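Presented below, as structure tokens, is a lone chain in the form predicted on its own.
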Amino acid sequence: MAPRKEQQIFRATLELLAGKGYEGLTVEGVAERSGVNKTTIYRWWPSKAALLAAALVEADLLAMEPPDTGSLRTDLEALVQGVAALLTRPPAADVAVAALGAAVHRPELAAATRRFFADRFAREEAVFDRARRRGELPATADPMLIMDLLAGAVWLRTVFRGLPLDDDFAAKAVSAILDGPS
């Protein structure tokens, strides 16, 4: 399938998820919104869950490239800002909340969200590899724990508490991890 057409299908999938939730997401709706035949969609993705799984990982809308600022601290701040953007700016914020909400009771969708987070972490690992080579991070540091703590702070503050993030939230969160609480 042509990459442009695939991205149109993914965008339509995520827009419908954000607007109508998982129950309102249909292959027919995606076909109509993206301008392709539903048989084309089924040829590439056998189910709504498979289509959503692919869209979560491969859609340009949710794309993430790891920063390379030359410093672990500023790379982590950029990653925190990226998570914050994902969770606070539509339509990505609506997609994230709808996907996770639906995943709670649907094993096939839970697998898709795990794949999404595994893909993101695989990309984030480059930040930690570079930091180790520069001597900024000990070999014993746990990159997944660091990202869980940083991203978890953003999720808790924005999604669960419904609070805004201060302009210096990323810097404060990273400082708490790298330097300890002040």
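From 1 onward, residues are counted along the sequence shown. Being a predicted model, the structure only gives us computed values, none of them experimental.
One more form of this protein, predicted in complex with a further copy of the same chain, exists but is not displayed; see below.
Asker: If the cut-off is 4.5 angstroms on heavy atoms, which of these, 131, 61, 147, 31, is the one near a further copy of the same chain in the model of the complex?
Answerer: The option sitting close enough to the partner is 147.
Asker: With a cut-off of 4.5 Å between heavy atoms, is residue 114 one of the residues that contacts a further copy of the same chain in the model of the complex?
Answerer: Contact check for residue 114: yes, within 4.5 Å of a further copy of the same chain in the model of the complex.
Asker: Does residue 151 make contact with a further copy of the same chain in the model of the complex, using a 4.5 Å heavy atom cut-off?
Answerer: Residue 151: yes, in contact with a further copy of the same chain in the model of the complex.
Asker: With heavy atoms only and a cut-off of 4.5 Å, decide whether residue 10 touches a further copy of the same chain in the model of the complex.
Answerer: So residue 10 does not count as contacting a further copy of the same chain.
Asker: Just checking whether residue 155 would be counted as a contact of a further copy of the same chain in the model of the complex - the rule being heavy atoms within 4.5 angstroms.
Answerer: Answer yes; at least one heavy atom of residue 155 falls within 4.5 Å of a further copy of the same chain in the model of the complex.
Asker: Within 4.5 Å of a further copy of the same chain in the model of the complex - does that hold for a heavy atom of every one of 50, 79 and 82?
Answerer: None of them does, since no heavy atom lies within 4.5 Å of the partner.
Asker: Pick from 63 to 71, 117 to 125, 50 to 58, 33 to 41: which stretch has non-hydrogen atoms within 4.5 Å of a further copy of the same chain in the model of the complex?
Answerer: Stretch with heavy atoms near the partner: 117 to 125.
Asker: Using a 4.5 Å cut-off on heavy atoms, what residues in 123 to 145 are near a further copy of the same chain in the model of the complex?
Answerer: Contacts from 123 to 145: 137, 138, 140, 141, 142, 144, 145.
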